[in-house]
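Following this are structure 1 and structure 2, which are two forms of one protein chain, each written alone as structure tokens.
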Structure 1
Amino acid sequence: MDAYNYIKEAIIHGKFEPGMRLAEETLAKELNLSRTPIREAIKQLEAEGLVVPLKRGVGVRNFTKEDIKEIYDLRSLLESYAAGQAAINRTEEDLIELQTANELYDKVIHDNSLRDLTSIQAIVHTNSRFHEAIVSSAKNKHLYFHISKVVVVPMVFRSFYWYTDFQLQQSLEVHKIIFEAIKNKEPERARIAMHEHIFQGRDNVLKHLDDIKISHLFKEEAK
């Protein structure tokens, strides 16, 4: 695995945690590479917003609650628009891909008994496949670029660790509603369903952050 993909995967999976400083020399030794490809990888990740400059070097970006709200607001606007356009412009081939993605998503969330890295990766992959199929169905060549800039992969990945079985099933049911709206050429219904779907994800992330803070507070008080 090259430097870029190694560092990105480590950030997504939580090996490199938010706020952690990334030292070029340490990464170069770990990957048995020179510092040049490490430096290039970090520049690319900085452009993607996954790492940020520190006083010395760079660190993994730590998202605030306000960041999360703003990111999900933009996602809602862009992806609900994509869903509405997909309902107008989709082809029969698009519908096959959407249905296939949903069937795979259904399978992996019901095979998620271990809640391990492999099963979470499968859930994230199939969920992304459904959302990307919607963007493709919208037939707007600019949409994917803009949506890719506001879908923060580490945040999405970690959010699926926090989903309960009920929430995963709820997510699947909304996928089905969106699919039916696109299939039946109902753009407003597709738009509204996607809007709510994105905001459900936002609320789950924000609630988990609040729970973490409360948990840390109790631990501090117990000392």
Structure 2
Amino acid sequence: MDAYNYIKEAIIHGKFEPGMRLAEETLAKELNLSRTPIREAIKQLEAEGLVVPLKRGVGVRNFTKEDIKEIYDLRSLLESYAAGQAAINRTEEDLIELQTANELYDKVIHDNSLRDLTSIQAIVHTNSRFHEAIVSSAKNKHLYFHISKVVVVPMVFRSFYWYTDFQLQQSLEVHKIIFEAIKNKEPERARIAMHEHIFQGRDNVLKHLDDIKISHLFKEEAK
């Protein structure tokens, strides 16, 4: 794997915790590279806002509760718009991928009755696939580009989130409503459903921000 994706994944999966300094030499050894390509990967992550400059070098960005709120507001704006546009612009191929992704999501949720880390990751992954299919159906590459950057931050938290059966069932239901709306070309219904859906996710994350499982990811206002 290249340096960029290695570091990004490590941040998302919590291997590199918020606030942690990213030492170039260490990363270079871990990846059997020199410092040069490491520095370039870091510059990209900096441009995306996942890492922040320190006095010298960079550290993993520390997202506050306020950040999470703002990001979910932004994400709901972008993705609900995407859902609306998908209902207008989706092709038949899009519909097939949407259907497939949703069936997979359904299957993964019901096949993994015990909620261990691997299950959670599978659920998060198939959920992402459905959302990505929607954004892709909207037929706006720039929208896609920006959503993919916005979505990363919630990922950092969701990877450690313990969903309840009820939440997953509810999420699945809404997915089906969104799918139907896109299939039947009802942009307004798709948009509203997606908006509700993401705000539901936002509420879940915010309610559990103090949970033991993710508390290590969340350090309020470290200076």
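Reference numbering: structure 1, starting with residue 1. What you are looking at is a predicted structure, and each value in this text was computed from that prediction instead of being measured. Definition used throughout: the rigid core is the maximal C-alpha set that superposes within 1.5 Å between two forms.
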Legend entry - Structure corresponding to the form predicted together with a further copy of the same chain: 2
Legend entry - Flag for T100, CA shift 2 Å or larger between the two structures after aligning core: no
Inset, instruction - Compare the position of the CA of I71 between the two structures after a rigid core fit and state whether the shift reaches 2 Å. - result: no
Inset, instruction - Any chance you could measure the C-alpha shift of V153 between the two structures with the core superposed, in Å? - result: 4.7
